[in-house]
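Shown here is one chain on its own, the form predicted on its own, set out as structure tokens.
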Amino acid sequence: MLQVGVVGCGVAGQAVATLLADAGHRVTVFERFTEALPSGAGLLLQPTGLAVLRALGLAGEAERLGARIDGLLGLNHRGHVVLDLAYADLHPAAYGLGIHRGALFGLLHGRLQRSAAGLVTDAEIVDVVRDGGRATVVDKAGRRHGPFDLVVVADGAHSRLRERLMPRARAPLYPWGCIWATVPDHRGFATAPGMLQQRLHGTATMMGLLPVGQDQVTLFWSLPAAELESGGSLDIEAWRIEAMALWPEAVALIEYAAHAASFARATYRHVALPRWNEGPILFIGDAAHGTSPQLGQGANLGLLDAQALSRALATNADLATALAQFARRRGPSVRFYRQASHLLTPFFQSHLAPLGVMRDVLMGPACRAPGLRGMMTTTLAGLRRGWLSVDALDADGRYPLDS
């Protein structure tokens, strides 16, 4: 049994804390806010992430709260297909799940509270101090907590602990981010097809609609990160006009979002660590491998990190051996998605107009080419282990966690 401290109460943090507490470890979660609350928009759970929720006993409730997604459809401003992928290509029973981040947070938080893990709020962790083979966390008020046999850092893509504890880590800010809003979808425009839909005009204009269940849809709009700086105002009327010109069929959703004017802003980092851990300090989730959201893998990769760590600790009595096994298991897949996301993003979010032309010409036909379509669909579903290797779904169309 280990004494484990978890920094961060997001998707990866709550999942790993619950799994480790269920396995008998003594776990304490540290959250910087007085009350642990969700932040962010809708997200797409892949078969991989759903498998971890199933292991936590949460998949059924997630499916009740979310919306089944059968594929991805992206059109350019001329109505030409840029992306058209279907989970059914992998297995007739395969699917993704659109869900609001708040709903997923609520499920994970309730599960955390039903576990034996402890939760310390109003404790912003600013440092982790090593003491031999153990580590102590230090909060902003100077309080020390621990020592712990293992400290799991899961404080997100903008992690300050990563900057302090792994100075060789790279985490540049992507030059593009987005605004988002979750709006009612009473007319069923987005929810009826069961698709994540996108509309694109070049590389500088992108809008997405993701059904997230409960008759709601999350709307995304791409913007340069410089326009998303805190305190800067958004020209909602200009956005409304541009969005309706790009996607006139979505006018009801656009008008509602413009009238509510309740857009949130998101920026992203491309995170690459020289290694997963520094002794007893381990990074997981976006703190370890944040990417752009273009491939829709962030929450799924974090959930898989949590499951892989729990399994590694269960099968190895020695902590160093367990962390080495964890790194071997998670390294190839994370490296692939970090590289693929970084390569793909400029074709969708950049000022490089020729890339938009290349995308429009090549990606639609690629979706119809058997070999390329297979790779693109397994990438969407979170199944890639690398550029040349891939996991397979089981006979029921589910992701086998022990694969």
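All residue numbers are counted from 1 along the displayed sequence. From a predicted model like this one, the values you see are computed outputs, not experimental measurements.
As for the form predicted together with a small molecule, it is not shown, yet the points below apply to it.
Using a 4.5 Å heavy atom cutoff, G13, L43 and A299 all lie near the small molecule in the model of the complex. Contact with the small molecule in the model of the complex, defined as any heavy atom within 4.5 Å, is confined among 313 to 321, 264 to 272, 247 to 255, 197 to 205 to 264 to 272. Heavy atoms of F30 reach within 4.5 Å of the small molecule in the model of the complex, making it an interface residue. The closest heavy atom approach of A154 to the small molecule in the model of the complex falls within 4.5 Å.
Contact annotation: F220 falls within 4.5 Å of the small molecule in the model of the complex, judged by heavy atom distances.
In the model of the complex, L20 stays away from the small molecule, with no heavy atom inside 4.5 Å. Only one of E124, E237, E163, D215 lies close to the small molecule in the model of the complex, with a heavy atom inside 4.5 Å, and it is E124.
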